[in-house]
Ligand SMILES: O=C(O)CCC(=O)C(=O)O
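The data below hold one chain only, encoded as structure tokens and taken in the form predicted on its own.
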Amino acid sequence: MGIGLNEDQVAAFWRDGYVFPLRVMSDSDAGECYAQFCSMEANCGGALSGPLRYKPHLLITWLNKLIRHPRILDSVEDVIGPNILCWASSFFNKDAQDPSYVSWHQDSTYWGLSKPEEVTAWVAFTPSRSENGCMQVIPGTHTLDQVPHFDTTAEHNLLTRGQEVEVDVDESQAVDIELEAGEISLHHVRLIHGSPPNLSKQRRIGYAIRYIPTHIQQLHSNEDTATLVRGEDRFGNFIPEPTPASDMDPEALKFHAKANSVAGQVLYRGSGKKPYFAAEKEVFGGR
């Protein structure tokens, strides 16, 4: 394939649980992504919320292309191999002086995946820095097994269940994952990470793309979906996701609603809470 990670970067990922920064697009291409993101916000009447935050690649053509970006996939392939599914994607947005934050957690907690082999590519549409609430990681914690979490009721927590680790986190060891627009970081599914509020006057817009090797299974549903983005899928463990014919295509909206429903059932199982994945008509005015 193309140019992915070098030997030192691969070693850093397995040693620390993350690697950054990785340049995957030009400043102008990153600016175009941000402009299209702003257009999405305008089309749905303001800040993105509800269903459009989760798996928007099923609805928006340029995001469907982004999950297949060759430079992103080249880097991911060097970590999980040549046969790759995009299992999910979601926006993590913080406006200027935004109290929203992400508590310390492991991604693997409620995802229901059979093995901890997922890697997340966090794509910066705007600069992501310490002052505007960039992601923070605790190096080496990906070597831990799954640790206990508890669900919080914090109003401004961006996570689905407000989940937080039930272990002491030495925040003095935290590393700021600072990125320029057009750069990405990769992090391991077991890495303990989070992010503080945005105290600056600049927005922080990030798009997290979740990649898994094709042999992974969903343990809590036979209806979970994924998109084959590289190689071949000889396992068929996930329902294949269609490529949207156009932005907000009616057939894509139907599939997205079902996929979100299934994902919500998996993520919120046992919590007694209602998934935040609202019906599309509540966000898009029935379009």
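All residue numbers refer to positions in the sequence shown, first residue = 1. Keep in mind that what you see is a predicted model, and the values were worked out from it rather than measured.
Note that the form predicted in complex with the named molecule isn't included here; everything after this is about it.
J.: Within a 4.5 Å heavy atom cut-off, is residue 94 in contact with the named molecule in the predicted complex?
T.: Answer yes; at least one heavy atom of residue 94 falls within 4.5 Å of the named molecule in the predicted complex.
J.: Can you tell me whether residue 142 touches the named molecule? I mean in the predicted complex, with a 4.5 angstroms heavy atom cut-off.
T.: No, residue 142 sits far enough from the named molecule in the predicted complex that none of its heavy atoms falls within 4.5 Å.
J.: Closest heavy atom of residue 198 to the named molecule in the predicted complex, within 4.5 Å or not?
T.: No, residue 198 is distant from the partner.
J.: Within a 4.5 Å heavy atom cut-off, is residue 149 in contact with the named molecule in the predicted complex?
T.: Residue 149 lies outside the contact set for the named molecule.
J.: Have a look at 80, 208, 169, 113 for me and say which one sits with a heavy atom within 4.5 Å of the named molecule in the predicted complex.
T.: In short, 208.
J.: Select from the listed residues 135, 186, 138, 86 the one whose heavy atoms reach within 4.5 Å of the named molecule in the predicted complex.
T.: Looking at 135, 186, 138, 86 one by one, just 135 meets the 4.5 Å heavy-atom criterion.
J.: For the interface check, one of 173-181, 213-221, 72-80, 120-128 should have non-hydrogen atoms within 4.5 Å of the named molecule in the predicted complex; which one?
T.: Result for this chain: 120-128.
J.: What residues in 85-109 sit within 4.5 Å of the named molecule in the predicted complex, counting heavy atoms only?
T.: If the 4.5 Å heavy-atom criterion is applied to the named molecule in the predicted complex, 85-109 yields 92, 94, 102, 105, 107.
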